[in-house]
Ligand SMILES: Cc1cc2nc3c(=O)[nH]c(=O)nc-3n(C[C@H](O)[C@H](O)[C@H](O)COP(=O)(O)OP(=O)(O)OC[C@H]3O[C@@H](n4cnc5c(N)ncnc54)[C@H](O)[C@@H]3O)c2cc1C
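In structure tokens, one chain follows: the form predicted alone.
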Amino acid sequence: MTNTSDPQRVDAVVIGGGMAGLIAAWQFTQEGLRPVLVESRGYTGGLVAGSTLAGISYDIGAEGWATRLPDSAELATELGLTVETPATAPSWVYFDDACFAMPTNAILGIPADLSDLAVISALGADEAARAAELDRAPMPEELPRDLGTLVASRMGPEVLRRLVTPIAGGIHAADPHVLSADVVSPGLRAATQATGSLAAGVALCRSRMPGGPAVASVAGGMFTMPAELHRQAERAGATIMTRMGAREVTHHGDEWLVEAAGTSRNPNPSLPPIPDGDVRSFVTPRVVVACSAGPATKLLSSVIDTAGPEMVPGAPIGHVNLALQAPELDANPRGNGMLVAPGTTTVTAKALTHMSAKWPSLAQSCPDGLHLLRVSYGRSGETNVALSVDQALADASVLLGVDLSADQVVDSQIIHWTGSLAPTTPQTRAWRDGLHRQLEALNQAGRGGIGLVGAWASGSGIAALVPQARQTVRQLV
């Protein structure tokens, strides 16, 4: 490993080429600068990626964003992409003893109206009445900070078990008790305090949300957004270097010295690439750290105090994606898909997404009778989840209530994702906020501009990371 040259002076360095890093690099070009982005892996986009199934392009990673904030849709429009909303249909939940459509007037399964017929269908009339009575109890001075205790204390364990836990497990791959309510549903605790009940708090938060579906994506697939960010950033003068990983960030006078090295693929693809190539160094007044928590805190440890709680890895995620010639699914028997309650014994999957029913542009790409399904596996605490087409087909048959056979499988693809985002607990949220405060203090002291962005550093999901990445860059320019 050799240092190939003296440090190169550049306008800005972005470390990490996932969604947040690409947005940061693109935003720098919008501000008239020519950044360098270094990404240790051989591709950009991170967990937003695409592939083909039966010749049809589709998302194999994150497939959209929460519409509670307008920033992601605004970015898509600026990139020249078309925003797409899913087909209108309820989400379903599967238990061994029941299968029902979830209440639509809810946040993360928490109902805004406990007399809703969908709530009564899920809980039973007596349990729904008990939940309503519990939610009328006097409000404490401070509500619990974790989602699980918040729901159980205001609506009881059955609302938590049957309505909220399946949603939290499906979306965040975590038990509700380890999730920070302020992160997964910003403003809900404050709204509950203000209105005097959790149901009323949900109703207030929903009234503040934009109308329409709770999620959106890009026509043609979410994977087209990072691809377009990459293309437009390079066209505007950014240099994007894959197989180049940052090793160190240090002060260089009132600027930054970023040292990076070429990488090669790790024999174990779940582990970071091996830094065994030539060294490149960059001097710059602006750095944006946009990699995952482990590498980011290691890089920042020479600049600020990064000591904090252990970041427990997120649950391993596995998908078995199926293309089926199955006209019997034309009626979309479970809407856009369903979540499976933890502890269920009749299926091993944790969720099923009827992709070609959910996304109109994907439906238009499928010939008559062809359906694309994603059967998802991997819960918190599980390791080395075995995946097979046969098991996915059996699980899909049970969940959809339709007998599906192997001879209907036109194509299949098994996807493993490791290194998924760790659940954001109240403790990790406080630690993360402390990192941002330390970096802001450095910036105000005139020691060179530096920012921290990414899914783990911004909140929860694409909806949070888009505005944070763009605002961070604007503050550094």
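One-based numbering along the sequence shown. Note that the structure is predicted; figures quoted are calculated from it, not measured.
Here the subject shifts to the form predicted in complex with this ligand, a form of this protein not shown in this document.
Proximity to this ligand in the predicted bound form, defined as a heavy atom within 4.5 Å, singles out one entry of Ala62, Leu33, Ala54, Leu435, which is Ala62. Of the residues Ala199, Ala351, Ala396, Ala246, just one reaches this ligand in the predicted bound form with a heavy atom at 4.5 Å or closer; this is Ala246. Contact annotation: Ile462 falls within 4.5 Å of this ligand in the predicted bound form, judged by heavy atom distances.
A residue is said to contact a partner when one of its heavy atoms sits within 4.5 Å of a partner heavy atom; Leu299 meets this definition for this ligand in the predicted bound form. This ligand is not drawn, but in the predicted bound form it has no heavy atom within 4.5 Å of Gly262. Contact annotation for Ala20: at least one heavy atom lies within 4.5 Å of this ligand in the predicted bound form.
The three marked residues, Arg162, Pro186 and Arg429, fail to reach this ligand in the predicted bound form, with no heavy atom of any inside 4.5 Å.
Checking 405-413, 25-33, 437-445, 44-52 against this ligand in the predicted bound form, the stretch whose residues place heavy atoms within 4.5 Å of it is 44-52. Contacts to this ligand in the predicted bound form (heavy atom within 4.5 Å) from stretch 439-454: Gly454 only.
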